[in-house]
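Next up: just one chain, as structure tokens, the form predicted alone.
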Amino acid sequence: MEKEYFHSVILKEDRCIGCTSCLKVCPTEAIRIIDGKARIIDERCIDCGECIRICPNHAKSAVTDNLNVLDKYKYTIAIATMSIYGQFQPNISINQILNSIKAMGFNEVYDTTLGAKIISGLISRYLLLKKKVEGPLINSSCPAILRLIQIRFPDLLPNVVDIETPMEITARIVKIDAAKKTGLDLKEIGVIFFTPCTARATSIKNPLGIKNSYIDAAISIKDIYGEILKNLSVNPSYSVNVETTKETLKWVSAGGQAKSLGMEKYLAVDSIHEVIKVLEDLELGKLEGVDFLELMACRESCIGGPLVIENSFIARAKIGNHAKSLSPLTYTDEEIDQYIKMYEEGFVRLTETIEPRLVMSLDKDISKSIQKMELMREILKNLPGIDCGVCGAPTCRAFAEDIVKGENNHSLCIVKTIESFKNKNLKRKGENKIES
């Protein structure tokens, strides 16, 4: 039995005024306005969080966990996204932030450095050399981008690097190590991720490319920020081992992943709407001379996620300042051999095929789909093409699509209705003038 799909982006209907702001930013046209309220089409939503970011009434929010989740486990491990270091004043060190997190009651605390280091090593020293697909490899580290490709660009799925995300790789390694150290069962060890975005929260409950996540819960940076600040003054009696490097820390900034690979033929694109333009060009064969595509859904990458506190440009500067004091990323031949073995044994590799989600098609039956396409064209001929959103659909094309798929039997095109009304009035006035 297929488990119910979980979305971390939800609508608070009592706050929604049907303003249509979210219609324009949704990259997969997953939102409609029905009876004056926004509605999220579950199968289209990729949990990118763009609607959360744009909503003026805070009607969209994220479902995440809180610190009470620690009570479920005998041993707890915190994994912080490295973008968390850009949320605090520059004089607050990485070590202070990690110690503050540990003071919340965690047994261990890490960031995602380990996963980022393994991925960089595998791509640069192994996967690029054995590449079998035409065109560039595409990073797999942004869950929103993976779901975007799955829905809108399924022909590009073979180009996606078949490696887990930094958070998943880190979680798997530290959780298994903790089980060996403590003698506890994996189910008794809770791994909690501090997330900058909704897509990562969703990927824990509904992972892509792997059967189950080794992470047990996700806490929003926005929700945990105050608690970290409060604990910064605590004098720790323990020391957190900081392994972050210059290159891995910059993974959370736009272009950081590609630069860590030490390559020249790459393209780094942040912001999901810009990513869509590049993927369209790639599908049309317009993107040449590129070996690697770093695609991230949020502006300025993870430091610009919808669940962070700091302005992404300020956070980028803070990340850069932290990086100055860190050691460079290096590998030994033994480490690379170990990473390759982990990959070939399926320990850090995507083990489940990412299948296309054909939610953008008109019908599963090709002949019916062609008929509906023709009907769509006829409907579109009678629509204004101005994509005003007043009908509750983001575009005239989406409005026509909803009609032919039987998902909209009530809405009218207001523009055409007003235009028709004006024409009738003008005609009536003309007839009255002739009669007089």
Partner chain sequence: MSAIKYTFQIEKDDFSRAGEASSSIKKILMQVGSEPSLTRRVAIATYEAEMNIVIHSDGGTISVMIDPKCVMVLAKDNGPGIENIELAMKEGYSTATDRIREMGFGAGMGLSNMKKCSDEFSIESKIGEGTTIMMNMCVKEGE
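We call the rigid core the largest set of C-alpha positions that still match within 1.5 Å between the two forms. Treat the numbers as computed from the prediction; the structure is a model and nothing was measured. Positions refer to the first chain, counted from 1.
Below, we turn to the form predicted in complex with the partner chain, even though it does not appear here.
Using a 4.5 Å cutoff between non-hydrogen atoms, Phe153 counts as a contact of the partner chain in the model of the complex.
Taking non-hydrogen atoms only, Val234 never approaches the partner chain to within 4.5 angstroms in the model of the complex. For Val174, no non-hydrogen atom is located within 4.5 Å of the partner chain in the model of the complex, even though that partner is not displayed. Within this chain, Ala62 is remote from the site of the partner chain in the model of the complex, having no heavy atom within 4.5 Å. Contact with the partner chain, judged by heavy atoms within 4.5 Å in the model of the complex, is confined among 194 to 202, 102 to 110, 316 to 324, 144 to 152 to 144 to 152. This chain is drawn without the partner chain; in the model of the complex, the residue among Leu282, Ala258, Ile221, Ile354 with a heavy atom within 4.5 Å of it is Leu282. With the partner removed from view, the residue among Leu383, Cys388, Ile370, Leu67 that has a non-hydrogen atom within 4.5 Å of the partner chain in the model of the complex turns out to be Ile370. For the stretch 331 to 361, the set of residues having any non-hydrogen atom within 4.5 angstroms of the partner chain in the model of the complex comprises Pro356, Leu358, Met360, Ser361, in sequence order. In the core-superposed comparison between this form and the one not shown, Cys26 has its Cα shifted by less than 2 Å. When two forms of a protein are overlaid on their rigid core, residues whose CA moves 2 Å or more are considered shifted, and Leu129 is not one of them between this form and the one not shown.
For Leu284, a C-alpha deviation below 2 angstroms is recorded between this form and the one not shown after rigid-core alignment.
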